[in-house]
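We begin with a single chain expressed as structure tokens, specifically the form predicted on its own.
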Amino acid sequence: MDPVTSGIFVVIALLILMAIGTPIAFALGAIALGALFLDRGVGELVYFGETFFGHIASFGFVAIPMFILMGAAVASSPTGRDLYRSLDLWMGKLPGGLAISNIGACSIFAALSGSSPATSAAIGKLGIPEMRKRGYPDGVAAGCIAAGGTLGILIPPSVTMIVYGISTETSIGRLFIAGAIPGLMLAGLFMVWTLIACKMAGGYNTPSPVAEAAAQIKENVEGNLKALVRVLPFLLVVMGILFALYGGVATPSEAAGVGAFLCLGLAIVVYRMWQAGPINTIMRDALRESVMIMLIIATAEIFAFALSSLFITQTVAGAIADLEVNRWVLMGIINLFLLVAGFFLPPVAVIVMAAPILLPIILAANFDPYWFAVILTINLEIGLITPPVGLNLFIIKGIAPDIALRDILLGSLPYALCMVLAIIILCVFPEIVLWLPDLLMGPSTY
């Protein structure tokens, strides 16, 4: 069977397994094993264990469960509540200020947790009921949280950037720096659209009930300021981690380990989470997400190995490389591929399978790999708020089951267009990505 036909059958089989609800890791592993067995016979399966465990045995992957533990400590504590209250104090007076403050809270919480689902869940549980209570349309309330949650994979520290760095053998510290300004820019675009959407819907200018007594307002302000003080130690930990990475003081794994220990300690001390129950919850959530991500990475590597053994990846890469088109047309084709892949696969799986294939093509077309990492990540962010997978959409649906999925989707789509606009801006002005890494770490060697 020729590689093109094999590739078509593999894609169709993968989509069928995903359509019937098979977990992505098991779907990737089953398709890979089936393809290898049909093409090479039983003898080829002896490489399964070696490939499966060999890839995730990299020391760099230690950073992933450590950052996840750090995020779980933050997500399981009332940090999200305190962030929400603090930002509402400062931004609540703007038209649509509550929705804008939710995006701000998502941006900061994304830096603390590094997880899109955790960000959507933590901020959404507080923000969505409050926005609906104050009269915000369901679409605006759900959409701003779903979109704000996607910032978790772009604003450093980011698990997806770690996976990209290991898969492409690029500097993880430099990748973190590259994602900082684009992440803030994207948060700004989300806020601008939120302001426009609220203006179109009549504006929402009531940060607190009109009849609230002055004493109650003062009490809220004092409570919100205290909440901000409780959040500051966590922000300092994140800043310290980024400084250690950017300054070359520690490796990502070392920085992640220290960050996890400090955030866990802060959650216990600041929020007095002394009981065994909360700590067990933190460890359980961290273990569950770590195993899920590492299993996806391992099976995605098996899947990539199977595609390479069947000469599917070489055929696709060769076809793309042989396209005699302008490099920006080539980039448009790659973006379209990433966008479609993100509709069906989680970001980690797409990066493990696609990044090593696309990197030589990107370099041959004279694109910077760190700039491309940001473009790739934003593409994958779009997949988090678009069907059929759209993980953040289903998290929002779980938080607010009485909001129709159609309203959640329609409220999220304008934010997906904001991400497309961000990609266009970064293509026109790549310095937005490259300026800070070049300033702090010198010009890239690529």
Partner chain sequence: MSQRGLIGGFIRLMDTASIATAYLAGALLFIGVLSVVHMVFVRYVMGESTIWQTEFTTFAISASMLLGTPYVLKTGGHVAVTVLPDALSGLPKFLMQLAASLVGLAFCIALSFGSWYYFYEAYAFEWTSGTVWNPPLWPAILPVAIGATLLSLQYVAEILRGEP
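The structure presented is a predicted model; accordingly, all values stated were derived computationally and were not measured. Numbering follows the first chain given and starts at 1.
As for the form predicted in complex with its partner chain, it is not shown, yet the points below apply to it.
Of the candidates A319, V229, L336, V291, V291 is the one whose heavy atoms come within 4.5 Å of its partner chain in the model of the complex; the others do not. V258 is the sole member of L242, M185, V258, A341 with a non-hydrogen atom within 4.5 Å of its partner chain in the model of the complex. The shortest heavy atom separation between L38 and its partner chain in the model of the complex exceeds 4.5 Å. Heavy atoms of L413 never reach within 4.5 Å of its partner chain in the model of the complex, leaving it off the interface.
For the chain shown alone, L69 is a contact residue for its partner chain in the model of the complex, at least one non-hydrogen atom being within 4.5 angstroms.
For the chain shown alone, I297 is not a contact residue for its partner chain in the model of the complex, no non-hydrogen atom being within 4.5 angstroms. Here the marked residues W328, L434 and L436 all miss its partner chain in the model of the complex; none has a heavy atom within 4.5 angstroms. From the list 373-381, 396-404, 59-67, 415-423, the contact stretch for its partner chain in the model of the complex under a 4.5 Å heavy atom rule is 59-67.
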